[in-house]
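In the form predicted alone, a lone chain appears below as structure tokens.
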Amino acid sequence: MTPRRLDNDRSAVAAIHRQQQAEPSLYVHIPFCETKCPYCDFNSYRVAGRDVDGYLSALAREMDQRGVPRNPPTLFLGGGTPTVVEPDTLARYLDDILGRIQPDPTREFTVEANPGSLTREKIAVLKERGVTRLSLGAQSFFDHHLATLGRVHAARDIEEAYAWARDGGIPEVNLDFIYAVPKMTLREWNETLARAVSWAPDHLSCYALTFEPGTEFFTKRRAGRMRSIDEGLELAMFRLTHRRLDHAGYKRYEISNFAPAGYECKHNLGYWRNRPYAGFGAGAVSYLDGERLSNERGLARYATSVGEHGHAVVEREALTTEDAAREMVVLGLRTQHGVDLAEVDARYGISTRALFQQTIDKLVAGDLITDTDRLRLARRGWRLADGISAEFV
């Protein structure tokens, strides 16, 4: 059966996105960290010896030349660790970014931070500039697991940083944790969840440790110098996470993200709903008018490219209507809300039933997804989400 298309050339996707007139969200990448964690494959660099001011100057030039969305629905500063710099530098680059967009006190404004480099003074800088959401990279309450993960903070630093954020008036605080760390026990993960819930954060992100190519952990495991935990234990941790957090009122709204109703991360929901976003900085990605743009990752090459061309885009991918429809299905399936195929059809003028029905029938038969008013991951499907997504790609 051949899928019906109104138009499958790449210009059609751009036209569809322009017609929707959705203002892009804004992402700004600050790639500096106190140290490079051995499991991290993000585009980040140890801050010591780096030309931070030179990077921020290139970032400002890129924003000037490409043009920042004037009224983004959400603003997210990620990294790296955006708060690793000194308070005056933090204040300066925040003012630089905020000076390019329209003020909006209701806008979700997220900044990532790590306990080891956060201070009361930096919290005050964030609060004064309207940050509404702080995402704190706790990762573990056990010092020996923090050491395994290469973190430079201790468990006591997490409690201190969290208290500063609360006392400093940051409206919402998220805690990030990693489970399935080598030698972690189910009891330790249970204690971590219990302690996290007792603090009543507004949001929790819980990720299973992965061994990504190019990381130190990947190299160690391949050489036999590190072992991942038993698959059955990891599954038990996954199930425990959902059970404990659901009981405490934190609903899983995406594979690794939990929040009470109304406290979901709006910026990340925009990604999963295939909304447009504009990314600035080394390695940042944008999705605009149906085209994905990827920036140069290296700091020196990024600065040089911006200086010579006014941008650092090194890769462009224009999506066809079928490509865009597939992405909308894959991203939507990551969420509790799922994906409405009729909405995908209306957006891209393509019959997703014709395109995916055999795949859908197979996954429903395997009790991996449900197919009622929309497609959703079944209970068994949550832990196999990556494989399910591959079926649609």
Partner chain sequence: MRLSHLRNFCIIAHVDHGKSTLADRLLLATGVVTERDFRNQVLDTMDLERERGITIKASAVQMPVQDLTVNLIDTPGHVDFNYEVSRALHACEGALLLVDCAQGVQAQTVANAYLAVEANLEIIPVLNKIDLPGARPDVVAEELAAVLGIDPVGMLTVSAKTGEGVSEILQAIVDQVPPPEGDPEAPVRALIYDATYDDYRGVIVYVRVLDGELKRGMKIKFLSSGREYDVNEVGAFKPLMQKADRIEAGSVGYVVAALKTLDHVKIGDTIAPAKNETVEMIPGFEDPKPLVFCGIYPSSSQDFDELRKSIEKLQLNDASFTFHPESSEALGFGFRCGFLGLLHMEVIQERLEREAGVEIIQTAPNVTYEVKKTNGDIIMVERPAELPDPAHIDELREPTVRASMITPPESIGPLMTLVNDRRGSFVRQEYLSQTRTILVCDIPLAEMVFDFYDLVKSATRGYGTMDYELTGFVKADLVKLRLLVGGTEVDALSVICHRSIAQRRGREIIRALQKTIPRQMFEIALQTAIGGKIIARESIRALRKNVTAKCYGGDVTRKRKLLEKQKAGKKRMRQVGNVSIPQEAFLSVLGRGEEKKKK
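For clarity, every value in this text was computed on a predicted model and none was experimentally measured. Residue numbers count along the first chain shown, from 1.
Note that the form predicted together with the partner chain isn't included here; everything after this is about it.
Q: Evaluate residue 363 for contact with the partner chain in the predicted bound form, applying a 4.5 angstroms cut-off between non-hydrogen atoms, and reply yes or no.
A: Contact with the partner chain, yes.
Q: Does residue 41 reach the partner chain in the predicted bound form, with heavy atoms at most 4.5 Å apart?
A: Judged by the heavy-atom cut-off of 4.5 Å, residue 41 is in contact with the partner chain in the predicted bound form.
Q: Please tell me whether any heavy atom belonging to residue 29 falls inside 4.5 Å of a heavy atom of the partner chain, as the geometry stands in the predicted bound form.
A: Looking in the predicted bound form, residue contacts with the partner chain do not include residue 29, since no heavy atom lies within 4.5 Å.
Q: Can any non-hydrogen atom of residue 331 be found within 4.5 angstroms of the partner chain in the predicted bound form?
A: Although the partner chain is absent here, residue 331 would touch it in the predicted bound form, with heavy atoms inside 4.5 Å.
Q: Exactly one of 148, 190, 268, 305 has a non-hydrogen atom within 4.5 Å of the partner chain in the predicted bound form; which residue is it?
A: Here the answer is residue option 268.
Q: May I ask you to choose, among 164, 263, 207, 93, the residue with a heavy atom within 4.5 Å of the partner chain in the predicted bound form?
A: For this set of options, the contacting one is 207.
Q: Within 4.5 Å of the partner chain in the predicted bound form, do we find a heavy atom from each of 141, 217 and 240?
A: Zero of three within 4.5 Å in the predicted bound form.
Q: Based on heavy atom distances of 4.5 Å or less, which listed stretch (164-172, 97-105, 242-250, 224-232) is in contact with the partner chain in the predicted bound form?
A: Answer to the contact question: 224-232.
Q: Which of the residues spanning 306-331 lie within 4.5 Å of the partner chain in the predicted bound form, based on heavy atoms?
A: Those in contact are 315, 317, 319, 326, 327, 330, 331.
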